[in-house]
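First, one chain by itself in structure tokens, the form predicted on its own.
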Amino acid sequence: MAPPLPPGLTPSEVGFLCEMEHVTVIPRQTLDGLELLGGPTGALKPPFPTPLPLWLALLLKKQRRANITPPPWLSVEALTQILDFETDERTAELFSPSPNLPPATTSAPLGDAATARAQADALPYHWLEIGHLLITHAADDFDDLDAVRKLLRDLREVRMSKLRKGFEVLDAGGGVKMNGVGGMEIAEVRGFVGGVVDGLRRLNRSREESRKERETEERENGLGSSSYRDDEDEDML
């Protein structure tokens, strides 16, 4: 029998889900729209930009049928601004704010977090995975690839350091504020945090059991009885 799966999504599963996010492509040739499970895609007509799921955009990029436009937050200027926010002493305990939520609709929940209309001053939920995939498979679509890669690496290190500092003060009944933390960051630390919390709970449980045993012994010996102390005080008076 196969071993039970760990709770939560694994990093590979999070990476798979991020490919459903939409990005903006510049088609090189005319292509008809497609009927996908997530909804129909628009027809591709050069040189008009069109949003497509990331997996399809990467496929067209590999076939040299389209170029991918990096989202605004994946530029050198935007990443530098976000990194300054993460490292500023006044906001050292906070993560950069997430993008504003789109209005509620009955369509697919995926918005413009990674398209050309994305917010430049906010990291989306799948920022790490999208950045890695675009740098790996669409390197020639960046103006300054080396600077973007370095900023992403620095940003990841700073944010992981904040998560580790939060876990240092974690106790069995406490929690860590994770507003603005990305999907891959959560998946990477889930196993570590789960082990730490389980260990703290076992330690707390053993302490509670020891306390109860001590109280039971005191009651049996007459030391923990309030009536015993009251009678003793009356005799002294």
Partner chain sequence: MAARLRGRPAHAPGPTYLSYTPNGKKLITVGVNGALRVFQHGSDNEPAIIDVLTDGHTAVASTNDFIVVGAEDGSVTKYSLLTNSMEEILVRCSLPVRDVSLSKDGEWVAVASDELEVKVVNTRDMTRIMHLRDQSRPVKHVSFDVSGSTLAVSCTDGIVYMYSLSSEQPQLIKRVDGLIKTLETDVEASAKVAWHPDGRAFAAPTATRARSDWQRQKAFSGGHRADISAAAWSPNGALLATAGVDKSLCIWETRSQRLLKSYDDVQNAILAIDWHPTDNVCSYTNNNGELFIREDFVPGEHAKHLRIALQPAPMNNDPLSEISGNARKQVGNGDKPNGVRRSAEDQYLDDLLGPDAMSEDEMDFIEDDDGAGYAEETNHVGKRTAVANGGRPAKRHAPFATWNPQVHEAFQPGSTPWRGDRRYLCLNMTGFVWTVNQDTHHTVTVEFHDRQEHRDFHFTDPYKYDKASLNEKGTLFSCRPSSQTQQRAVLYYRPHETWTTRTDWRTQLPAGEEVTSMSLSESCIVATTSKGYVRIYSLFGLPLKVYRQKSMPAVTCASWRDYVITVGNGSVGGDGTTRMLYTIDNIRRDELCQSEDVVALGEDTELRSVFFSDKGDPCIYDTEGVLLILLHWRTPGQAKWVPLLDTKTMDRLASGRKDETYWPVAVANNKFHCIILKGSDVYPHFPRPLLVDFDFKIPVSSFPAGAADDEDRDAAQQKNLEEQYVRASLQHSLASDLVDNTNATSAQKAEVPVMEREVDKALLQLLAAECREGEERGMKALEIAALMRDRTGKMLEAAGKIAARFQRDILGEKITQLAERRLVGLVDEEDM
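Numbering follows the first chain given and starts at 1. In this text the structure is predicted, and so the values were computed from the model without any measurement.
Keep in mind the form predicted together with the partner chain is missing from the figure; the text below concerns it.
The closest non-hydrogen atom of G42 lies beyond 4.5 Å of the partner chain in the predicted complex.
When the partner chain is considered in the predicted complex, R117 lines it closely, a heavy atom lying within 4.5 Å. Although the partner chain is not shown here, in the predicted complex the stretch 13 to 43 places heavy atoms of I26, P27, R28, Q29, T30 within 4.5 Å of it, in sequence order.
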